[in-house]
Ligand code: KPL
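Just the one chain here, the form predicted alone, laid out as structure tokens.
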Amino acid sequence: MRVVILGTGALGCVFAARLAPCAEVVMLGTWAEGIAAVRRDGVCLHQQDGTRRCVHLQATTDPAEVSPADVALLLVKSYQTERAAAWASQVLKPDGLAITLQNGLDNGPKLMAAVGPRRSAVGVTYNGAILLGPGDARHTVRLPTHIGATPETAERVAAVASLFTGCGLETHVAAEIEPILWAKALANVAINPLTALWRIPNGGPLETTDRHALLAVLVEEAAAVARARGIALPFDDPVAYVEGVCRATAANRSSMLQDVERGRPTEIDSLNGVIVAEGKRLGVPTPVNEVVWQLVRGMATR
């Protein structure tokens, strides 16, 4: 199976390094330094057992150099989705499948608009990673991935899930992906901005009463929006669920924190920004999400 990974960041390196021994993998991205490093040294992954391995594979900044692919895996930042989706459409076989495993709530529609519903799937990954340098990442959190399937995509999604699992990335097929997507979003709208604003790892929001109180309000507002949309969340207590994510990933540094530390744009618009917009559309108040959204957006002008 030929897999094109769109994205050269931390998770792009994780999936490339894990999949390359099992499939023909190509990395495609706009970060010239990252692509050059992969061409020169391969993708290097620091694993949780302390070992480091480097895998050589094709890498390019030009989609015209990519042979038709069975799978295009989107692992770029949410503000890069339109460009990556257009590239996915360019490199996919007619019966190929483009999959988004990105953070955020608005990537699926953008991908479907570019490649069509028959060639697209929305997924959620609970893997976490830290980018150490171009083409070099540490795999910090190794948890399951879920990919949504429709009757039209079920066979291809099952094949991808089997490939990922066989390569050490536990993956499940989901008949209903929206509840899983929103479950992760509830964690992201609290953990990501708070860790970025306070410069703390994922376990930090539970360390004081004041931090926890703000986390709880962010989650409760987002859960109210999800319920108003008719989403059946896969838990009874959203705050307890997010607390569990904080504990399970306590030492991880969120992708938004990494973005802020490197002076890069964040994915706040696709997280808290979507919660605010949907809240206004549905008549659900989200004042704390709106303030946090504006605070993180304001950091980009510093």
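For clarity, every value in this text was computed on a predicted model and none was experimentally measured. Each residue number is its position in the shown sequence, starting from 1.
Quick note: we don't show the form predicted together with the named molecule, though the next part is all about it.
Among the residues V26, L233, V260, V245, the one placing a heavy atom within 4.5 Å of the named molecule in the predicted bound form is V245. Scanning I191, V219, A137, A98 against the named molecule in the predicted bound form with a 4.5 Å heavy atom cut-off leaves one residue, I191. Of the heavy atoms in T266, none are within 4.5 Å of the named molecule in the predicted bound form. H212 falls outside the set of residues with a heavy atom inside 4.5 Å of the named molecule in the predicted bound form. By the criterion of a heavy atom within 4.5 Å, N103 is counted among the residues contacting the named molecule in the predicted bound form.
In the predicted bound form, R229 stays away from the named molecule, with no heavy atom inside 4.5 Å.
Just one listed stretch, out of 33-41, 252-260, 65-73, 47-55, contacts the named molecule in the predicted bound form at the 4.5 Å heavy atom level, and that stretch is 252-260.
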